[in-house]
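Only one chain is included here, represented as structure tokens and corresponding to the form predicted alone.
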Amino acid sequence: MTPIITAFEQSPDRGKGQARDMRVRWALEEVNQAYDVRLVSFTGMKEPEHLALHPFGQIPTYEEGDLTLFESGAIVLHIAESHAGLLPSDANARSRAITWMFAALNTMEPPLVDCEVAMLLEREKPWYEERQPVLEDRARKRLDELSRRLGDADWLDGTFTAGDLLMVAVLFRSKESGILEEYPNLSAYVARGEARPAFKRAFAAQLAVFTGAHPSR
């Protein structure tokens, strides 16, 4: 059965690959799984039909048969566990890859998103000039730690895994702020992710929604 994911009908990022359905699209592309997309408006996300899929009224969701999932990380983990290619066969390496998935979403993403949101939405607030350096310091602390751990390796634990997919997706959101440019190895890491054919297909599919080229894969 072909899974169905939901995505923004009009994405706030204007098709730049930052909306979280991008992560799910990328994972599906990596494992060569066809999928359909149901576009949801901002109003529709708060309607009972969508809230039955996602109790917090967000995207993406994932439907496959009688299975319904929400939260991009949980969806990517399900895809990785259901198809070969995103998790190693070795049990220890598999557990480490899942650890990196959690690290991307729980440790790296919150300070990076806080910094990004403040830059976009709080510039005119009286507290911005005082608060933004604090947020940037928090983001740099995590980027410093990740940069040291990655070093000159291509991927976080030898080969590309779902951990790298989510980590690259998280770091990708910080490209426009300029903070990622301070870390050449992390910038190169993100570029390697962007160069993967599956990423390119997922990005093109998400961009097509904004340009109106076609509604789904």
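In this text, residue numbers run from 1 along the sequence as written. Just so we're clear, the structure is a prediction, and the values are computed from it rather than from any experiment.
Just so you know, the form predicted together with a small molecule exists too; it's not on screen, but the next bit is about it.
The chain here is shown without the small molecule. Which stretch in 54-62, 180-188, 28-36, 148-156 comes within 4.5 angstroms of it in the model of the complex, by heavy atom distance?
Checking each option against the 4.5 Å cut-off leaves 54-62.
Quick one: is Ala202 in contact with the small molecule in the model of the complex, heavy atoms, 4.5 Å cut-off?
Result no; Ala202 lies far from the small molecule in the model of the complex.
Quick one: is Arg196 in contact with the small molecule in the model of the complex, heavy atoms, 4.5 Å cut-off?
No.
Do Val170 and the small molecule share at least one heavy atom pair within 4.5 Å in the model of the complex?
Looking in the model of the complex, residue contacts with the small molecule do not include Val170, since no heavy atom lies within 4.5 Å.
Taking any heavy atom pair closer than or equal to 4.5 Å as contact, tell me whether Glu71 reaches the small molecule in the model of the complex.
Taking the distances in the model of the complex, the answer for Glu71 is yes, it comes within 4.5 Å of the small molecule.
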